[in-house]
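What follows is one chain in structure tokens, specifically the form predicted alone.
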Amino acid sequence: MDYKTTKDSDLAYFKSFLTESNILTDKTTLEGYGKDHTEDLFFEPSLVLIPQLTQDVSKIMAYCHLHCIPVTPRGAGTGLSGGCLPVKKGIVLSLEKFNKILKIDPSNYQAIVEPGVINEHFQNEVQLQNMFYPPDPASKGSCTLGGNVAHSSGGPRCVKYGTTRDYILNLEVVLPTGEIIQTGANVLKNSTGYNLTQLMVGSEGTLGIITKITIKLLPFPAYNTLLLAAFDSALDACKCVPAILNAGIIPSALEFMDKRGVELSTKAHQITFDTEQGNAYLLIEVDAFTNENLMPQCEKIYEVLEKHNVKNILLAEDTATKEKFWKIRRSIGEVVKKLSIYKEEDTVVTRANLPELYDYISYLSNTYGFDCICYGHAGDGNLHVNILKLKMSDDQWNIELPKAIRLLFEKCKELGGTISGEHGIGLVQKPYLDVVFQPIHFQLMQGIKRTFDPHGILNPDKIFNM
């Protein structure tokens, strides 16, 4: 694609409807928009535009379509696949000022928000009205709902409540050509034509720019209990996961943490807890609408744990302990990344195959000589594999490690899984997409991309090449 660089005439056009403070050209400022939380990657944009109105987004896209200027949409920049990196330079279009909760509708259990609303802020606001928005990524305190929609983000509570995809009813979207559309309707049932809403969810900003989101909400389950179970063996912990669900219990969270991840997280935050040290842990939460419904669930979980060589079980009996346990889990990714250059692989398999996946990761680690820390959403079969460079040579890291990652993804496919559960494909997973897709898949997706974005200007070089 023959992309154009931005010129003074382009800048003059954007200044005709955007204020000076919403057009960023200073090199130091641009640097922050050239990276996200993906490894150590950096691509500097030519300029950053920060619109506040849907009509302004429309003007930007129509102009850039006409002049073949690449546009990379951006939320909070917390992504882990390089999805918001401006690899073709051009314009970063930041949605950071689309940050309003426009409407909370208790009578219909719905809300309408702009894409720049922070996930945790939205959760807290709807909870004040006794409603519940379950998707809660580890970065919920900083990630935005627009970015969550773009990646169909998940989080610990997906095991019971599903991912972002399950809560999106309708979207206002600006197409790459500048047209503004509604993808669906603000109703719970919709069998009217192709489901453009679900096509947009998880499309990683390659098909359109989301400017409004209609979200389905649930009643808030006010009671919960949290268990921390320690195991001598990570395989025992993994085998325990399907057994809990087979016992008829659907936890609201079922998280796996290996020993090293827990040690790093507790040390970083100076947290201690009164349980025997294990080699692996499960963090198990159950919730309910009445307090009486909690203990029967916990009793069944205790029975399952004891059949799987559990070493110790600690019950979080107060809010402070619950928060401490969750901080350990949610902080692992953050503290791991401070150790070394890293790669995070977002593997996912059917949950019964999680023990075999973990065993294979250990085999690859020993064979290729890399160090890794594993944690993730065991209830979904979604395991995050953080691979650390540490003392690996550049050749080992750049040449040998990709071979190991490809083998890992091939194993995921063999076990009925795929190469990303919630982080998306973006830039860094793109070389491995052929592991799970046939040529016909690429042809279909490229055809969809061309229909929406005939000049290929929107978030170019993400997911696949045009």
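As the structure is a computational prediction, the values presented were derived from the model and not from experiment. Residues carry their position along the shown sequence, with the first being 1.
If you look for the form predicted in complex with ligand MLT, you will not find it shown, but the lines that follow are about it.
A heavy atom within 4.5 Å of ligand MLT in the predicted bound form is found for exactly one of Arg351, Arg329, Arg157, Lys88: Arg329. In summary, among the residues Lys324, Lys216, Lys337, Arg165, the only one with a non-hydrogen atom within 4.5 Å of ligand MLT in the predicted bound form is Lys337. Using a 4.5 angstroms heavy atom cutoff to ligand MLT in the predicted bound form, all of Leu80, His377 and His384 count as contacting. Comparing 240 to 248, 312 to 320, 369 to 377, 126 to 134 against ligand MLT in the predicted bound form, the single stretch with non-hydrogen atoms within 4.5 angstroms of it is 369 to 377. Taking the partner from elsewhere, Glu344 is found to have a heavy atom lying within 4.5 Å of ligand MLT in the predicted bound form. In the predicted bound form, at least one heavy atom of Gly333 sits within 4.5 Å of a heavy atom of ligand MLT. In the predicted bound form, ligand MLT sits within 4.5 Å of a heavy atom of Glu422.
The closest heavy atom approach of Met200 to ligand MLT in the predicted bound form falls outside 4.5 Å.
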